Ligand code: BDP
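Coming up is one lone chain in structure tokens, specifically the form predicted on its own.
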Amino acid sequence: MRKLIVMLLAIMMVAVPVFAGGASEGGSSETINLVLSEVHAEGYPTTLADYEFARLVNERSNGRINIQVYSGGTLYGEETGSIEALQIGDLAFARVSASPVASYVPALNVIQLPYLYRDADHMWAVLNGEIGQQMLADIQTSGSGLVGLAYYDAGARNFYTVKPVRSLEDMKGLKIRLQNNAMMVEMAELLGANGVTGIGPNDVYSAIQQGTIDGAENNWPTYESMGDYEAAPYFTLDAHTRVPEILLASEAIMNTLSEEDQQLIKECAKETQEYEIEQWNLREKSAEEKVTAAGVEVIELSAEELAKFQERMAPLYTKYGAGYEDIIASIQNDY
């Protein structure tokens, strides 16, 4: 059904000739219509950044390139679906988590290792530095059919559940919804929980209500915007991962554009990063205030219990950090 919708959109958005004032001599005057898929709702920080990206591209191209943003999972309820559409050229852009992209660029698992970063500033120093930018470039050279355009903030991910988690023992046996990423599943298992994948972010609330899962893990804005706090009113601040978002493009579609237009798109995407971070910080604060006012219990683990969570992650560093030991050491010591 979603593929049919995308095909209909493509038919309706056929490029039409226009007279774009200010177009360079010899340049195309044809309007290029492209689609961007976003699973988050209107007003969400990444969605706002999507619209800013579309605005900048349209403005810098003198109206030649139009990007239509479809939010709230209108086209694809799961990010893996939008990634597949990008790969075959059925979709031009998608904002996704770095987690599923790691299936194509394993090095991305390194920057998602649990308890890797001291704080947000530490993460951004890494992502905007040589390590992060090389990984972004590796997406295109991986043969995945994807192009990495820019990183967006997604804050720290924490567990939220139907019963309080105040210790490692409390995690035992809980069914926790996770992103479609093998390392995240193993993380849950090492903590004594059962990782559940295949549930889109828009379906977490109902899955909790139906007892399919006992909770999930995500950031403050998602917890609030999806209404998950109503079904799972215990939010445990362990900040196990800081998984960045990535704005992706379809390599197949990018290759149909001129080199100048490809560069314009990449530059506009980079410019939206700081905008998204600003929007993220504002939304994170308001989301926390809203859910705590609604009666959510925010649980801060003791230093002793947090250390137990961290110690359980050693096998992940050994497995997913294999071959990347120098990068891990650099992240921990040089930034």
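We number the residues from 1 along the sequence you see. Computed from a predicted structure; not experimentally measured.
In what follows, reference is made to the form predicted together with the ligand, a form of this protein that is not presented.
> Though only this chain appears here, would residue 101 touch the ligand in the predicted complex if you measure heavy atom gaps against 4.5 Å?
Flag for residue 101 set to no.
> Does at least one non-hydrogen atom of residue 96 fall within 4.5 angstroms of the ligand in the predicted complex?
Yes, contact at 4.5 Å.
> Report yes if any heavy atom of residue 283 sits within 4.5 Å of a heavy atom of the ligand in the predicted complex; otherwise report no.
No.
> Even though the partner isn't displayed, in the predicted complex is residue 157 close enough to the ligand, meaning a heavy atom within 4.5 Å?
Answer yes; at least one heavy atom of residue 157 falls within 4.5 Å of the ligand in the predicted complex.
> Consider the chain as shown here, without its partner, and state which of 181, 109, 222, 144 has a heavy atom within 4.5 Å of the ligand in the predicted complex.
Contact check passes for 222.
> Of the residues 201, 132, 114, 195, which one places a heavy atom within 4.5 Å of the ligand in the predicted complex?
Filtering the options by heavy-atom distance leaves 201.
> Among 63-71, 294-302, 265-273, 38-46, mark the stretch whose residues have heavy atoms within 4.5 Å of the ligand in the predicted complex.
Flagged stretch: 38-46.
> Does the ligand, in the predicted complex, lie within 4.5 angstroms of each residue among 161, 175 and 238, using heavy atoms as the measure?
Zero of three within 4.5 Å in the predicted complex.
> Just to make sure I understand: among 235-250, which residues lie within 4.5 Å of the ligand in the predicted complex, judging by heavy atoms?
Stretch hits: a single one, 245.
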